[in-house]
Ligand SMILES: NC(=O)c1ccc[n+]([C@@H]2O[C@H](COP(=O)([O-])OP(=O)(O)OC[C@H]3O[C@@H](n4cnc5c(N)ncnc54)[C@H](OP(=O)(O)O)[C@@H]3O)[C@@H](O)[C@H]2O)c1
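The chain that follows stands alone, in the form predicted alone, written as structure tokens.
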């Protein structure tokens, strides 16, 4: 079972992205997706990621309603984020406290397991931000804090500041990373993460849906993600999809499962984040949990995505 370094949080191999709840998946569909994910995650806790900004709180409220209806809170590791929205200083102490209380109400819970700074906030001193997060931890309202979309320099500064103040620092990083997006992470940022000994939780694990294999040149797909996925269509994208298809056929699993397994196997990665807008789409992701790639298969995927 994966465990977030430096914490006692044991999580599922896949983190379910809650960005679809109330967006491309209505409440009943979201409940069905969560039911299936909870069942598949056992005996691990189901790891679910959301944010106050997803649907202006709708995603959190759907997740909270579901946990209450199923009595499932203790079987779920809940991650949410203090987001930017229209805030002038999103990581100021008062904004963090307000955001956390709102998320706790939305989620119908007394604690958030992993609470992120959704984006950096250069207008607020890190001392203020980290102290506010630490106060939430000391109050028992948050178990661990994490960063999302932080640069290597900002992440380093955050660790140095937390150590200097003697407060709880970030225990994880959420970042954009997948087979089509490698350069931004596989360099200085990964070096910083390794040096700090923190785990990573990459979002857009399927490259905005491109790595499902549905999006190819000349094909029209009815999906809200089609525009984002279209950015990857081309020679390199075809090469990556070709390698994924080969490996998927060798294992008899869906293409998305292979893409997520490759990601989960990368250094520092604890669990990739991916979402599905239906139970059927979720079913294509779940085989990644038991999938074991060979060295040759990983090499082929690496070569296809780096050439």
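Quantities reported herein were computed from a predicted structural model and do not represent experimental measurements. Positions refer to the first chain, counted from 1.
Here the subject shifts to the form predicted together with the ligand, a form of this protein not shown in this document.
Using a 4.5 angstroms limit between non-hydrogen atoms, residue 54 touches the ligand in the model of the complex. Although the partner is absent here, residue 83 lies well away from the ligand in the model of the complex, with no heavy atom inside 4.5 Å. In the model of the complex, the ligand lies within 4.5 Å of some heavy atom of residue 285. Heavy atoms of residue 108 never reach within 4.5 Å of the ligand in the model of the complex, leaving it off the interface.
Checked against the ligand in the model of the complex, the residues 236, 154, 97, 214 give one hit for a heavy atom within 4.5 Å, which is 214.
Just one of 273, 264, 34, 243 comes within 4.5 Å of the ligand in the model of the complex, counting any heavy atom, and that one is 273.
In summary, the region of this chain contacting the ligand in the model of the complex, judged by heavy atoms within 4.5 Å and restricted to 204 to 212, 127 to 135, 67 to 75, 189 to 197, corresponds to 204 to 212.
Of all the residues from 127 to 166, those having a non-hydrogen atom no more than 4.5 Å from the ligand in the model of the complex are 148, 149.
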